[in-house]
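The chain below stands alone and is given in structure tokens; this is the form predicted on its own.
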């Protein structure tokens, strides 16, 4: 977390859901998990996020149900606080200030008012040493409470939350660290240690990975690096302990969990298989295979109805106790690296980047939810180390989002590089991208850059690509073929080169009239209309790494970064270098909705950010040490609603929000205090009703239908009576307990009749209307001469009555008479009784 004046760097959207164990509510309706700086509350039936519990200022490192109140939950964070929430209403109840970074949290029913935390060992300045401490939570009416009295329980514990667990409802606590299992008994105030050798006889690694305690028996299950599970018994005696071994996993066991009754033990690891062992009948096992990615955590609901597994691809799978998948909560897929740039899909306003192997993921930042994965490679991915397979390395959208271009490559040791350029058209019927053209071997060597022409008024759609083979190519969408079966397709329009130099990057100007291609130290500017080389721009020695045209009022500028740590700005009207400055820019990008540009600079192992306009010498915003490491992927995401920030330093955030990926694959963004306050206020609203199923009964009583009624009453024609489902009487009827109501057969006929419009009444009224019209016509004929003198007087009178009270039309008057005739006495009698 970096804090500086108004603007902060925060995790917002796309945070890791699987960094800590998820927690079920006691009735299995909700699943709570740590996500960046907030706790997300998901519905286990609909997979929707119901609440964001916001308040922490650093990463949330643990979530725990309060043992004495199943509707409340603790969360701990690296910001040194523990917060108590009412998660059904999304309300913060209390904040306990501990004062040290917290890495995990534990509690048991035996220890009322006490929580156990893992914090850095205070005596040791190095952060590798951790201790388990007990904190007595003060009884206070204040919302912010200091709780700084810590008493150490165990020293030298693991910071991994899976390595510490309570046993037998809090009688003892088991902690595994490295090659040692430590069991601390609270009554005896005594700890026993059980060490293992580094290797066993068969060469397996004995390092402890995770621990679980049986809820009723004195049995501790430990998972190890070599895939074995050990069941420890009789450990309340130092020398008489025993253990039995189970083995199915071929690699490290990452998580273990007993079911609430203790009848089954669940285990998972890198194999993506959930294994269910029968307790005391370990030869009987059940498997749930092909869960998609390595299992990192396993959790079981308190009633035993649901299991859930967290996975390394930022996914949580909810599983019924009959070992059948019932729901999947998918976050932003985090791979080892992102080969494509971060992009915004112009249609769905979603973030697009590498997802599962061979796919692009479309992720909604507003809803913080994965929309879908698009299979680019369209080949089955084989999970085997050392096997070279096709990877998506480049992608680009055109301005309207109708076309997507992707590059996939596979490099094998003995064979040549395999390259495919694919162009995808957006299909309105399927609401997805459909493969239109595949170009095998578009270049003879690796493609270094690719971009679409973003001109809105352009007659043709154009794509430029540069390659290490020394050429750049322009691809054009050809007109529709003569036959009806064939649609439009892509073909190569131009191949360009410059003095046998290798092109590194390319960029179209905002209006599409210029294409800039950098050939090592030289920038060439071409006209896409005639493919004429217009000019060349040179600069001090050093290969150009990034090129970016200015936008809007700064469209006459072209900016580039070079390998010798220079940021250069050329004026295209004078074809000369306007200015240059010395900085090691790792990434340069332009905001599509304003003149602003962002430059990420790497310095002393950290990244700094500068936001500037090419026409102004002073940066609009600068921030030192935004994050550690190098930032190589970032994007400006257009806002749905423009901010009204008056502060000069934060005005660059008004149109777009800047997201960037750190070296640890964390998606970060910049936010202002006003924006955070607005988010906090919206998260406190009671929205638990949204988790209720949309039944006709819910719609009859729900707030949505009432709102529709209010909106439509004004425009409703007078001939149709508005249905009275929003009235107090009907709501009273529907909310009255069933055992005190008369029989349904007695109520139904009268209830339905009251909602119907009587046909006989309508006919009689039509007859009356005709008679009135005839008498009016006779009066008009007889009083033709009087009309001119009386009309001004009548109009004055009508104007006076209109200003006093709006006059009813004839149709409304008829409707009023009809309503007065209706018999509602049955309902009044029912309510009186």
Partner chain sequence: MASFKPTKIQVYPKLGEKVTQDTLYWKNYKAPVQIKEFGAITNIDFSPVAPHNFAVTAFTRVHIYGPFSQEPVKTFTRFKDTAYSGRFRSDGQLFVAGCEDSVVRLFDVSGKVALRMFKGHTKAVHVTDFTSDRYQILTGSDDYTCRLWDIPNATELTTYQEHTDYIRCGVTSKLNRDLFITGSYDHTLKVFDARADKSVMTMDHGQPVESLLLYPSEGLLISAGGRYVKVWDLLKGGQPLVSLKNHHKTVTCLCLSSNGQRLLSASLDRHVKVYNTTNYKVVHNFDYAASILSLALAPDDESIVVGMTNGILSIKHRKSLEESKEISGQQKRRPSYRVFVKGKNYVPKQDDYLVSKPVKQHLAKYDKQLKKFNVSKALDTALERKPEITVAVIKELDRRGTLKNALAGRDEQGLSHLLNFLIGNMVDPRFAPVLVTAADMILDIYQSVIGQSPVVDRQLLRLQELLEREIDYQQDLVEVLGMLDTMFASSLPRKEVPSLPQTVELSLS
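Here the structure is a predicted model, which means the values were calculated and not measured. Positions refer to the first chain, counted from 1.
Absent from the display: the form predicted in complex with its partner chain. The rest refers to it.
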Identify which of 83, 422, 334, 623 has a heavy atom within 4.5 Å of its partner chain in the predicted bound form; exactly one of them does. 422
Using a 4.5 Å heavy atom cut-off, which residue among 186, 100, 192, 390 comes into contact with its partner chain in the predicted bound form? 390
Which one, 282-290, 158-166, 361-369, 209-217, holds residues whose non-hydrogen atoms are within 4.5 Å of its partner chain in the predicted bound form? 282-290
Output flag, 10, 12 and 171 jointly within 4.5 Å of its partner chain in the predicted bound form, heavy atom basis: no
Residue contact check: residue 755 to its partner chain in the predicted bound form, 4.5 Å heavy atom: no
At the 4.5 Å heavy atom threshold, is residue 382 in contact with its partner chain in the predicted bound form? yes
Check residue 554 for me: does it contact its partner chain in the predicted bound form (non-hydrogen atoms, 4.5 angstroms)? no
Wondering, does residue 539 line up within 4.5 Å of its partner chain in the predicted bound form on heavy atoms? yes
Scan 417-447 and note down the residues that get a heavy atom within 4.5 Å of its partner chain in the predicted bound form; none is a fine answer too. 418, 422, 440
